[in-house]
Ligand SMILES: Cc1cc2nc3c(=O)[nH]c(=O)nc-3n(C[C@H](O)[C@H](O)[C@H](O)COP(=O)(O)OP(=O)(O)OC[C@H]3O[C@@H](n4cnc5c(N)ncnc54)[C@H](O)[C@@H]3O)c2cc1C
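The chain below stands alone and is given as structure tokens, in the form predicted on its own.
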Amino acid sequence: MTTNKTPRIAIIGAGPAGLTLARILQTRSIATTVFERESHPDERPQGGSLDLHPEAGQLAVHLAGLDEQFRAVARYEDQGMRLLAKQGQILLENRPDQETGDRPEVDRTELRAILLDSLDTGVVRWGWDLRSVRQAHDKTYELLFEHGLSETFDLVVGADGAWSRVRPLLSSATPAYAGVTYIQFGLDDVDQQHPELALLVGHGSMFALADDKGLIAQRNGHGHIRVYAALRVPETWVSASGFDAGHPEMARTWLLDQFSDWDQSLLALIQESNDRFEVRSLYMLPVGHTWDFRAGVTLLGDAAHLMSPFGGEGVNLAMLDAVDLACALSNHQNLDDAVRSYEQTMFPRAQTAARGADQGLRMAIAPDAATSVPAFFRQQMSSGPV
């Protein structure tokens, strides 16, 4: 900020967006406080692998001054993509050269770790569960936390994900079910324990899509493959179907029944999986979600533009949001001008990405996915990276 008053900035959520914003601002001598409801960094798994794009996630890493740390954990060898028919044959494959591919993979946990390690002691406050936000008479905002704790700030940045508690200050929009549910599971030590499946998935991501369902496998670090069984089902399907993620053998049997006419090479992903099953229903905010400017509050990442993962843009958009807001806060005379500038940049970009993600999900988990998706991927590959 180029003002005499040092603004008090709160960031709600210690995900990639919030931590990236805090880190870039720290390099520019602008202090922030990050509030995270989880009690410590390892309270829950952080999810799978991410491909960081040069113009988005990697740009954020660079501006955060973390290029060297990122290269130490990035997997340049895992940038491949292959598309399979449900009968098991490869329909399409893209294998970027390790030396020239520009979208390396990184595990969410490792990306979060390098961001956390770069922040000054005390920037992130663990175990601070935001309950509500209210505006004071002087146009500051009082954050009310669990156990009656409260603090006041000049700018509140909601980077708190799909079910943001900051978003209601700006918008009445809530996430809606996108029509598809993932059942997530995985395989460990794949190169040693499951070599045939390691070869099937390859170095990167594998998609097998047909009949309103899909098996999507993604190589993560440390010999792990994360698998998603995607199903186009009603939002209430769990209670109606009898699926129980807490009973691995029952869950495995149920899944095998859903994919009973798929090739054995693909069914082996289910048969040989570990016993950790998790149901993840996909939600999205309305395409083109925006809000009227309100002084002292804004949103980043999924809190601003939650979309399906089929656009491949989620974390890259979130980190680019952080870049744009950090630059705006650094370059403008006051908070209001900075937030206006950021939102005017972010809204159209998010709308384009959300529209693409919505179209991608509708096409991928569809009755005719086996024919429509290969044509789409070929078009994408001819115009640039997938």
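Numbers for residues come from their place in the sequence shown, where the first is 1. Predicted, not measured: the structure shown is a model, and the values here were computed from it.
Another form exists, predicted in complex with this ligand; not displayed. Remarks below refer to it.
A.B. asks: By the heavy atom within 4.5 Å rule, which residue out of 186, 309, 202, 296 makes contact with this ligand in the predicted complex?
C.D. replies: The residue from 186, 309, 202, 296 that makes the contact is 309.
A.B. asks: Looking at 95, 276, 280, 247 here, can you tell me which has any non-hydrogen atom within 4.5 angstroms of this ligand in the predicted complex?
C.D. replies: Exactly one residue meets the criterion: 280.
A.B. asks: In the predicted complex, which of 336-344, 48-56, 25-33, 61-69 comes within 4.5 Å of this ligand (heavy atoms)?
C.D. replies: Of the stretches listed, the one contacting the partner is 48-56.
A.B. asks: With a cut-off of 4.5 Å between heavy atoms, is residue 17 one of the residues that contacts this ligand in the predicted complex?
C.D. replies: So residue 17 counts as contacting this ligand.
A.B. asks: Test of understanding: in the predicted complex, would residue 357 fall inside 4.5 Å of this ligand by heavy atoms?
C.D. replies: Judged by the heavy-atom cut-off of 4.5 Å, residue 357 is well away from this ligand in the predicted complex.
A.B. asks: Contact with this ligand in the predicted complex for residue 218, defined as at least one heavy atom pair within 4.5 Å: yes or no?
C.D. replies: Residue 218 belongs to the contact set for this ligand.
A.B. asks: Though only this chain appears here, would residue 315 touch this ligand in the predicted complex if you measure heavy atom gaps against 4.5 Å?
C.D. replies: Yes, residue 315 lies within 4.5 Å of this ligand in the predicted complex.
A.B. asks: Within 4.5 Å of this ligand in the predicted complex, counting any non-hydrogen atom, which residues from 319-343 show up?
C.D. replies: Residues within 4.5 Å: none.
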